[in-house]
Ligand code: NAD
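Heads up, the chain below is alone and in the form predicted on its own; it's given as structure tokens.
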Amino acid sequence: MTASNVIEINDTARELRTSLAKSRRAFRSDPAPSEKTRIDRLNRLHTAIFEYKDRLIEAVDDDFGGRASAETLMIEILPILEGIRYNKKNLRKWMRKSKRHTPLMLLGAKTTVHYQPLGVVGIVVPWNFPIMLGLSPLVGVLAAGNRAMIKTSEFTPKTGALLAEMIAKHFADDEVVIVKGGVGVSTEFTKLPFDHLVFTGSTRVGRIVMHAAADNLTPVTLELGGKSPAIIHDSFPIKEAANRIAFGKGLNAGQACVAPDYILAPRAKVDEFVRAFADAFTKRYPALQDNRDYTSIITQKQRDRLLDNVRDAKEKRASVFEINPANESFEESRKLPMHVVTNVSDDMLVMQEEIFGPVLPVVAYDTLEEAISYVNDRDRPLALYYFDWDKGRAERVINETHSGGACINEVMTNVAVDDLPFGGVGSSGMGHYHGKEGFLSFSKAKGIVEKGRFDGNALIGAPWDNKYFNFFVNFQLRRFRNP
């Protein structure tokens, strides 16, 4: 286990292909890893995370220019450890052949489904959660018996370098490979003929990745985010909704693909929500500039983009409420106060693009039907959040809207449940990972028919006017006469 696990920034497409070919040769030498082998790989990943945990937390803090260690531990480290434990617990059951119904025409045969590893899986990691969104899919990849190549984000270089060191120490260079580099390397990476490709990022880049994968007919799992709404029913306590939403929107300063992107609030309660949200946010973050609990924006470019969105909203006559509890200046900082935007319209940037930061538009609605239509008139989001104690109405909202996942009276935590599939729909992505769905995504479900010594086809085959065939056909037609 050496640093050859790591492909540096200046490697060419040829070197990437060479690394893929090496991993593929290793896979072919062991195309059906045993449960013991798979658990050994998961155990090594578990050991590596515990060994590097503190250093990884520090690296993320450095890359962001300030992120709470508690956030990184809660959002990035613990869910992976939970996922490893869950996969190990269920692996034997998932690996079993699945018995299937055998039709009468195959009398004497048995039919099963074998779950076979795909081969080498590529994983493209975004900058917002550079540990979890690289290692969480890796858990499913290893559990399913595959090998992996992981492209880390150039915007979190210290975290990427530490992950490379960690992987090189605990895995052979034909088991898991870390690829570092910028946009050019990412482009070449997505062009590789992987057996499966996992990409997490924006919808715009997701289209480019899918196009690149299509040239090789590489199947993809795309996690693309989008504008995830939070609907507050008129009967739900506004203060309670604001408290729960502030928890999710404050995490990573809103830089999360499943962060509440905009609020649908009853028209008469918009101002009440703004006040309650400001109070809830202030209690969590009484100051921002030197507060170790409040995360910085990843780059100055991203900070400028968010401020441009706010300026655009103001120019188009929106009302913007800056939540800056200590009245601090942020001109020389990558930190950014929370901005709540009301009186929004569809022509504003905050309502056209995924926000990915501490900006929260609030849209007024009059009826629940109107709120549901508002969501359905737009691209399908990665997550939807609904606040209502009435279970019947909640079920209606879940049934009448489409989203990758959903929470009722909660935000974001569906992603932390490893027994729930995580994935988008439409513009928010395709495919799933986590838990059993991850195992299935990274496996080929191969249908097998196995026939014994008795061959029924010898009796009913051509010439087709033989008595056995006629008996069989007439018997089947009688069985199927009624619907």
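None of these values were measured; they are calculated from a predicted model. Heads up: residue numbers just count along the shown sequence, starting at 1.
One more form of this protein exists, namely the form predicted in complex with the ligand; it is left out here, but the text below deals with it.
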query	finding
Answer range among 328-336, 105-113, 184-192, 233-241 for contact with the ligand, defined in the predicted complex as heavy atoms within 4.5 Å	184-192
Non-hydrogen atom contact A278 with the ligand in the predicted complex at 4.5 angstroms	no
In the predicted complex, Y385 touching the ligand (heavy atom, 4.5 Å)	no
Close approach of K151 to the ligand in the predicted complex, 4.5 Å, heavy atom	yes
In the predicted complex, C257 touching the ligand (heavy atom, 4.5 Å)	yes
Of F171, F356, F273, Y294, the one that lies within 4.5 Å of the ligand in the predicted complex (heavy atoms)	F356
Contacting member of V209, A371, I263, I77, with respect to the ligand in the predicted complex [4.5 Å, heavy atom]	V209
Every residue of P126, T200 and F422 near the ligand in the predicted complex, heavy atom within 4.5 Å	yes
